[in-house]
Structure formats: C-alpha cells, structure tokens
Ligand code: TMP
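Listed next as structure tokens is one chain, alone, in the form predicted on its own.
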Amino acid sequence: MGRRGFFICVEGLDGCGKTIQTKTLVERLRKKGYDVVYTAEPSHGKIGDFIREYCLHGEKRVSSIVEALLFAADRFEHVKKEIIQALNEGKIVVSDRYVYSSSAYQGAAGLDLKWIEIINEHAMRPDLAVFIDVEPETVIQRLKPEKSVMENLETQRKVREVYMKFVENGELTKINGNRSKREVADDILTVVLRLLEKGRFMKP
C-alpha cells in the first residue's frame, strides 16, 4: 500500500451550488500540483444508476428505509472500488455528497440517525466534511422545474436541520453559501489548504 491520501466530502441542500463548488475545488487543487480525484454519490455504478431512476426521479418518493439501504449499498461499493483505492495511491479524493447526505435526507424523513449510522458503518470517516449552507427558500428558487422527489421546501428545511446538528457537533465545517461563487470557492479552498498543510500532505 502506498501512502494514504486525503478524503474530502462536500455536502449541502439541493441547489446550493455543491457540485459546481466540488468541481471547482478539484480544479484549483490540481492547478496547485495535487493529485486529485473527483467522485460523487449516488455513484455511477449499477446501484447508483438504479437510485437515480427508481428513487430520485420516480413518480413519488419510495420508503425512506428502502432509500437508506440502497444508498448504503451504493456507498459500500463506492468506498471499496473508488475511494479506498485512490487514497491508498496517495491521492486527494473529493466526493460530491457522502454519508452525511443519508443522515440528512433519510433522517429528515423520520429514520433514526443511529440506525442510518449502523448500516453505513463501512463508510470511512472523511478528513474534512464541508457543508455549504444556503437557506431552503433560496435553493428551491434555484432548482430546475424537473425537480427530484426530495426537492421541495418542507423536505429541504428538515434536511438543513439535520445538517446543522452535524455542524454543531463539529463533524461538518459550515461555509456560507449565500455569496458569490468565487467567495464560496475561496473559503472552501482556504479551509482545505489549511488542513493539507497542517497534516503536511505532500504533493506528488
């Protein structure tokens, strides 16, 4: 096994700019000479594709228990086939969503957070988890007309409440997303570089 890399995940409500910010972070770290891998959840494996079709864009939302189990199964493959391999090669892995999304979305639907944690016990803890905080009312205005079954104001409010619990206990680092894309990106990069330098993470 090679030296261990550095694992970052970026979380947030639908429409908060999370995917753009994740890809921007990857690009900026690469320009600084780091070996970075971009990935996302749901993954692009068979289970992830099934989740997108069956859970996210079905006619109505399926059972939260089914959602949680499918996301956990997809995450198991994601961690095993993509994340661990890249980390063992000494790379920085940046994931657009991770285990906190399951806690937030299925937790907001009424599932016990401890149970969600148990079925995701295979999910390794990231070195840094960022939460881009944008008001639910704002993200709903940003979303496309063809919304997923989870993209409604009531759900997003409940999801943010769960995310904020992780912020309060120190598991998520909150970034104010109610600003320009550049300002948000600069804040995220500052937090990441500070941790990389603190841990003396070396460029290849």
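Numbers follow the displayed sequence, beginning with 1. Here the structure is a predicted model, which is why all the values come from computation and not from measurement.
One more form of this protein, predicted in complex with the ligand, exists but is not displayed; see below.
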(message) At 4.5 Å by heavy atoms, is each residue in Lys32, Thr39 and Lys91 next to the ligand in the model of the complex?
(response) no
(request) May I ask you to state whether Phe131 is within 4.5 Å of the ligand in the model of the complex, using heavy atom distances? (result) no
(message) in the model of the complex, is there a heavy atom of the ligand that lies within 4.5 Å of any heavy atom of Met150, even though the partner is absent here?
(response) yes
(request) Classify Leu69 as contacting or not contacting the ligand in the model of the complex by the rule of any non-hydrogen atom within 4.5 angstroms, answering yes or no. (result) no
(request) May I ask you to state whether Leu56 is within 4.5 Å of the ligand in the model of the complex, using heavy atom distances? (result) yes
(request) Residue by residue through 97 to 112, tell me which have a non-hydrogen atom within 4.5 angstroms of the ligand in the model of the complex. (result) Arg97, Tyr98, Ser101, Ser102, Tyr105, Gln106
